[in-house]
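Okay, so here's just one chain, in structure tokens, the form predicted on its own.
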């Protein structure tokens, strides 16, 4: 392999893919990135066997070839170089990188040993604007579980509803659902939340369309020159819709900024009680108040004005509440619940595609 490319493009590609490479594996080559010439371009790939990311950049190819080199070293080294043209030349399992003032050699491993994710054949294809997919994932990924004991809950669930594709995540204590645009294709798959987070990073500033292809084992997301492939989580997602009440005895509508402020202040006093805060909604006073007690430090009650229908109280985890409120946009938000032990719903007329559910704590 012998080629020329720019420092800027190579550094950007390495920043895209290198995060997936891992040293916490019995296969040393998984700590490497694969550099490979393809269709007169240079592709840079990394994988941890569950997720693979490839970023293709323009290059002037003199001789084709492929090699793998340590991801962390390559990323840090290329990022440290000044902008301009780089000369890359492969000599067996060594990669020589030359600029006007730098001449470096990085020892690699043969590309023949690099694992490749199997191709998706005959899968389902559909497209979606990156901006819409990004908004949906940003709002639901936070609710996915980190507990590998229940792998189903560590995923983000894509599935069809009659008028749209829904994207959902839950850790059994909270649930987030976002309604994407309608798709004719049959959609039903569960992607690891780690892959969803990597996808968010990839499309963070993209205005392009995302091509989505999936079969029963894998899903592929392609946006411009970047492709992410992930193994799907096997199993049936819980029937979460039955948790969402059809109507509510207590509904409070208030400014989101006010709600965030009183929730954050109360959370300071809730640290001793595992984040437990009690929300009281008073129909007569037209107020929402949050009370938190810290036995050693004191207690706090913070209040905000609201439009209220029905009185009641519910005890929630303060961190879950603050994270949910931050996931909405717009000026107003509704807090809806049916008594102390029923699920609590957050929704907004400014953000009609998004719903967030938080299970109450036993006070």
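Positions refer to the first chain, counted from 1. Quick caveat, the model's predicted, so the values are computed rather than measured.
Omitted from view is the form predicted together with another copy of the chain, to which the following refers.
Just to confirm, with a 4.5 Å cut-off on non-hydrogen atoms, which of 200, 243, 73, 119 contacts another copy of the chain in the model of the complex?
For this set of options, the contacting one is 73.
Ok, 322, 308, 29, 302: which has a heavy atom sitting within 4.5 Å of another copy of the chain in the model of the complex?
Looking at the other structure, the residue within range turns out to be 302.
Taking heavy atoms and a 4.5 Å cut-off, does residue 126 contact another copy of the chain in the model of the complex?
Although another copy of the chain is absent here, residue 126 would stay clear of it in the model of the complex, with no heavy atoms inside 4.5 Å.
Even though another copy of the chain is not shown here, does residue 39 get within 4.5 Å of it in the model of the complex, heavy atoms only?
No, no contact at 4.5 Å.
Please determine whether residue 173 contacts another copy of the chain in the model of the complex, using a 4.5 Å cut-off between heavy atoms.
Output for residue 173 is no: heavy atoms all beyond 4.5 Å of another copy of the chain.
Answer with yes or no whether residue 49 is in contact with another copy of the chain in the model of the complex, where contact means some heavy atom within 4.5 Å.
No.
To test your reading of this chain, name the stretch in 211 to 219, 155 to 163, 256 to 264, 138 to 146 whose heavy atoms come within 4.5 Å of another copy of the chain in the model of the complex.
Careful reading of the contacts points to 256 to 264.
Across 91 to 107, which residues bring a heavy atom to within 4.5 Å of another copy of the chain in the model of the complex?
Residues within 4.5 Å: 101, 102, 103, 104, 105, 106, 107.
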